[in-house]
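Let's start with one chain on its own, the form predicted alone, as structure tokens.
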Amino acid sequence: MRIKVAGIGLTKFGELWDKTLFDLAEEASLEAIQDSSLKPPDIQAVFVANMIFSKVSNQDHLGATIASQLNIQGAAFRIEGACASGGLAIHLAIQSILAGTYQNVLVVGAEKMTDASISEVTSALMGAGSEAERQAGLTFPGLYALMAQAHMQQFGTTREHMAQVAVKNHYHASLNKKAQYPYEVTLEKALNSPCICSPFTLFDASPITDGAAAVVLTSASTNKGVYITGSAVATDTVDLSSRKSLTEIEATRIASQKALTQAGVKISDIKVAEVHDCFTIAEILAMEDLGFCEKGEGGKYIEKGITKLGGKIPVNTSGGLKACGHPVGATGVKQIVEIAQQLRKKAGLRQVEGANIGLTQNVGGTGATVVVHVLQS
């Protein structure tokens, strides 16, 4: 499998009061199309990734709306898979190319979250949970906090281990002008920030974000460029209480094994990764479930500096969801953009030396949907 990432585009992430979702989608899409050296009429299909916009704005039919805005008259689709919407849109776009249906496709993930109230956004995001969880009054901070507490009890993971994720990712974001929070934080500040849901403090959680990311994918093959060589999706129960374990996301393990096999590489071959750190415990779980370290060792693995720029396997060089921001429908596409920049050797101060194989992990809900991609240059 060889699908070329022909073009990439990315807006600033943050509280973008002067932009609409359609402004953001257009900005990222036109940048990606221009980067690909194609023109809008060359694009045969548009895949729009979005989770909550229809709930907070009453605007549906996003595929056709954004395609027409871009003057693209090909097929148009809106893809929703909770916070994994972007990764799913990439996966489905790849399948459409492999099937021979289309040659050149645009994938754009966009979300406008800050125009809605906190209660509206929280309610919309819980659409990714189960009915039982909603009836119990649970939110995603609470659900991931349960996973964190289980991991702490079973493996001795500490609040300091989780705070180290935030410190690292804020450092990476300080080198990224597109990040929502492009500044460093200290371990002390992270640990002493307000508690949002024990054991989490404010710096353990990703923010509410506006932003868009886009990629142009094509079947056109040359010897140069960045290619997606593995793409896999796995699912688990939506209800966290129905899982056999609270200390792993099994869908990550399944999807990553499939994607790595497709790409013909091992996890030890990965030089840079973007993983779904919606909460700091999620990055710790990702390190274990992807196979970078043994189960229960994720906190210590990150604490050693292995995943920081300059370490053996830099993770979330963009700043991750934690510090770059988490416009939920755009996140999975942004991950592809970041890894493509790394493999192109165009990541600037965030550049990972020798980066030639990268991986992305995009999670929906508490792990009911996981999408893993492998990229190679």
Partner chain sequence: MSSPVKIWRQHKKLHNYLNKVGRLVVWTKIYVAPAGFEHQVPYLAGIVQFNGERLPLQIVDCEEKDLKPNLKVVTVIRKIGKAKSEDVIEYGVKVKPVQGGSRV
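Everything quoted here is computed from the prediction, not taken from an experiment. Residue numbers count along the first chain shown, from 1.
Here the subject shifts to the form predicted together with the partner chain, a form of this protein not shown in this document.
Novice: Can residue 246 be called a contact residue for the partner chain in the predicted bound form at 4.5 Å between heavy atoms?
Specialist: Yes, residue 246 is a contact residue.
Novice: With a cut-off of 4.5 Å between heavy atoms, is residue 156 one of the residues that contacts the partner chain in the predicted bound form?
Specialist: Although the partner chain is absent here, residue 156 would stay clear of it in the predicted bound form, with no heavy atoms inside 4.5 Å.
Novice: Answer for residue 131 alone: is it within 4.5 Å of the partner chain in the predicted bound form, judged on heavy atom distances?
Specialist: Residue 131: yes, in contact with the partner chain in the predicted bound form.
Novice: Residue 123 near the partner chain in the predicted bound form, any heavy atom under 4.5 Å?
Specialist: Yes - in the predicted bound form, heavy atoms of residue 123 and the partner chain come within 4.5 Å of each other.
Novice: Only one of 250, 115, 239, 160 gets a heavy atom within 4.5 Å of the partner chain in the predicted bound form. Which one?
Specialist: It is 239 that has a heavy atom within 4.5 Å of the partner.
Novice: 75, 306, 146, 220: which sits within 4.5 Å of the partner chain in the predicted bound form by any heavy atom?
Specialist: Partner contact (heavy atom, 4.5 Å) among the options: 146.
Novice: Tell me, please, which stretch of 134-142, 225-233, 274-282, 77-85 lies within 4.5 angstroms of the partner chain in the predicted bound form when heavy atoms are compared?
Specialist: It is 134-142 that comes within 4.5 Å of the partner.
Novice: If you apply a 4.5 angstroms heavy atom cut-off, which residues in 193-226 are near the partner chain in the predicted bound form?
Specialist: Heavy-atom contacts within 4.5 Å come from 195, 196, 197, 198.
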